[in-house]
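Only one chain is shown below, in structure tokens, and it's the form predicted on its own.
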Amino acid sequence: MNTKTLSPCSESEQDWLDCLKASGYRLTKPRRVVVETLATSQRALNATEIFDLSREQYPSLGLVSVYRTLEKLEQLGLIQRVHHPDGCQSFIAGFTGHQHLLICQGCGKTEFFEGDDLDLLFERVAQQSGYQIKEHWLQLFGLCSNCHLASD
């Protein structure tokens, strides 16, 4: 299995800001701080975590600004939602191509992996259900090697 750790660089951050500006959004200080927090994170963050981390750099940041920025970034395809088994949602930098997601339930580290050995499964599901499967997004939850070793 080919995995790739999420490690967005500052170039990604600038690309996000350029994309926001090109889409007609002002590049306010609150918006810039939220973008920086998300673009440099190696784990999925929920809105409260983004708010808390961003306030370290911009103490007057409001939670509404975080939600509005998340909405705009998601509409532009720059971030993606991560749906957790407990129902809480968090956000990660978007990715290109067809990849799947590994999420550590210990530390929250997020990694992508590639692979489409699921064709037979999808064909069987389509035959049994009558659905025509158009796309999928696979999220796997577990413990990364650091958290797994720490739990032993």
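Treat the numbers as computed from the prediction; the structure is a model and nothing was measured. The term rigid core refers to the most C-alpha atoms you can superpose between the two forms while keeping them within 1.5 Å. One rule holds for the numbers: they count along the sequence shown, beginning at 1.
Just so you know, the form predicted together with a further copy of the same chain exists too; it's not on screen, but the next bit is about it.
Undergrad: From the candidate stretches 48-56, 31-39, 61-69, 123-131, select the single one in contact with a further copy of the same chain in the predicted bound form, where contact means a heavy atom within 4.5 Å.
TA: Result of the contact check: 123-131.
Undergrad: Answer yes if any heavy atom of Cys144 is within 4.5 Å of a heavy atom of a further copy of the same chain in the predicted bound form; otherwise answer no.
TA: Because a heavy atom of Cys144 falls inside 4.5 Å of a further copy of the same chain in the predicted bound form, the answer is yes.
Undergrad: May I ask you to check whether Tyr25 falls inside a 4.5 Å heavy atom distance of a further copy of the same chain in the predicted bound form?
TA: Tyr25: no, not in contact with a further copy of the same chain in the predicted bound form.
Undergrad: Heavy atoms within 4.5 Å of a further copy of the same chain in the predicted bound form: does Ser90 have any?
TA: Flag for Ser90 set to no.
Undergrad: State yes or no: in the predicted bound form, is some non-hydrogen atom of Gln139 no more than 4.5 angstroms from a non-hydrogen atom of a further copy of the same chain?
TA: Because a heavy atom of Gln139 falls inside 4.5 Å of a further copy of the same chain in the predicted bound form, the answer is yes.
Undergrad: Given a 4.5 Å distance limit between heavy atoms, list every residue of 70-91 close to a further copy of the same chain in the predicted bound form, or none if there are none.
TA: Heavy-atom contacts to a further copy of the same chain in the predicted bound form: His83, His84, Pro85, Cys88.
Undergrad: Is Gln128 one of the residues whose C-alpha moves 2 Å or more between the shown form and the other one after the core fit?
TA: Yes, because once the rigid core is superposed, the C-alpha of Gln128 moves 2 Å or more between the shown form and the other one.
Undergrad: With both forms fitted on the core, check whether the Cα of Glu56 differs by 2 Å or more between the shown form and the other one.
TA: Result for Glu56: no, shift under 2 Å.
Undergrad: Is the C-alpha displacement of Tyr25 equal to or greater than 2 Å between the shown form and the other one once the rigid core has been superposed?
TA: Shift of 2 Å or more: no.
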